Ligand SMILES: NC(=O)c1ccc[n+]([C@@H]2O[C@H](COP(=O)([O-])OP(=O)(O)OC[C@H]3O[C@@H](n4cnc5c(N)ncnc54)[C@H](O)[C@@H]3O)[C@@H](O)[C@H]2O)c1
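Form predicted alone, single chain, as structure tokens, below.
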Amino acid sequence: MLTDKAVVMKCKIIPSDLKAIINSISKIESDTLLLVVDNKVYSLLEQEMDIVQEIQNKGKKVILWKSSEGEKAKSFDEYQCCVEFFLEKGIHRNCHLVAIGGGATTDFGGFVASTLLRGIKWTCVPTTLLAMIDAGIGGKTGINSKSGKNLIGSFYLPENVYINTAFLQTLPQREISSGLGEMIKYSFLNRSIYEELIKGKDYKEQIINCAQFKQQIVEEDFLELKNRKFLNLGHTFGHGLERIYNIPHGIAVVWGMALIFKIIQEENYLSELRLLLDILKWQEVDPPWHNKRFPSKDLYDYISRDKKRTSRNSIDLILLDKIGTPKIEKFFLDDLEKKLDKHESKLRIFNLRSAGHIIF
């Protein structure tokens, strides 16, 4: 059986500006760098500098793959085209892959790195808030299948994660909201992050804290056998909602947490959730099913295929004993289905208003 003792790679989280990132990448001990860059991100970078030329000027060979934007990159077709493209270039085991983009690009690029020639080293340059604090940290890589999100993948740490908050200036507000969704998740898992956020501190000041908190958990439980499972708070429901409504990941996680607090935790932590959303000026106050039928059956069908199932008829859910103290509880799928059905009518009118109490 695999254990964390088999993991020898270490990952460094490095705050840096773009010029310093390019200089560092150029010093990687390899004569050939494989760049996997989100197509939209590449267009934005070109306006500031020609990263390929900059690296080539320092004596490296660069092979560039411009990936499809966002989740479109995480498909079998994109994966096959990308790996065949690199293999046709005659790459070798000492090549180093650099993934530049949001969480989908780092998921995809890391998976490519983990499978090319049975694994080559890689580096991550996240360009979205979500990727800086979550998707780019921890070495979970993968692509999607028609059955669900991230069901095909690997645990494969990058050597370095370079964080440049200047990238955030290029993001639309909804992408910022998506990243804030994961930051809110961290605040429920880590009391100090929660306390800093409710003081009204700028969320940008918490990016490194979130990244380091996740990295600490990853180092203790790389293969998600124990406490790393805590990072899935809100994700069991959230992934289903993300797939059903095609909404950004972090926004879906917020609604996933809201459902956990409502139907599993007897409305505990809903007021704290509302407080955080108010402080962070959250704009997604209406759920994706607003004024429609709550998708109990579709959500249950998705959960029943979730990779976090522990048997054919049960799944682990992450709950809270208190803020900063998460716990894992096993639920039978049949019981979960009954809870969703029981609350369906109330969830239909659920929202998170910015004033007053949470409304049901």
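Keep in mind it's a predicted model, so treat the numbers as computed, not measured. Start at 1 with the first residue shown and count on from there.
Note that the form predicted in complex with the ligand isn't included here; everything after this is about it.
Contact check for His96: every heavy atom lies farther than 4.5 Å from the ligand in the predicted complex. The ligand is not shown here, but in the predicted complex it comes within 4.5 Å of a heavy atom of Val41. Taking the partner from elsewhere, Glu71 is found to have a heavy atom lying within 4.5 Å of the ligand in the predicted complex. For Phe167, a non-hydrogen atom is located within 4.5 Å of the ligand in the predicted complex, even though that partner is not displayed. Between the ligand and the residues Ala131, Cys124, Val254, Leu241, the one pair within 4.5 Å by heavy atoms in the predicted complex involves Ala131. Taking Asn209, Thr115, Asn150, Asn268 one by one, only a single residue has any non-hydrogen atom within 4.5 Å of the ligand in the predicted complex, and it is Asn150. Note that among 83-91, 191-199, 97-105, 286-294, the stretch whose heavy atoms approach the ligand to within 4.5 Å in the predicted complex is 97-105.
Although the ligand is not shown here, in the predicted complex the stretch 165-192 places heavy atoms of Phe167, Thr170, Leu171, Pro172, Glu175, Ser178, Glu182 within 4.5 Å of it, in sequence order.
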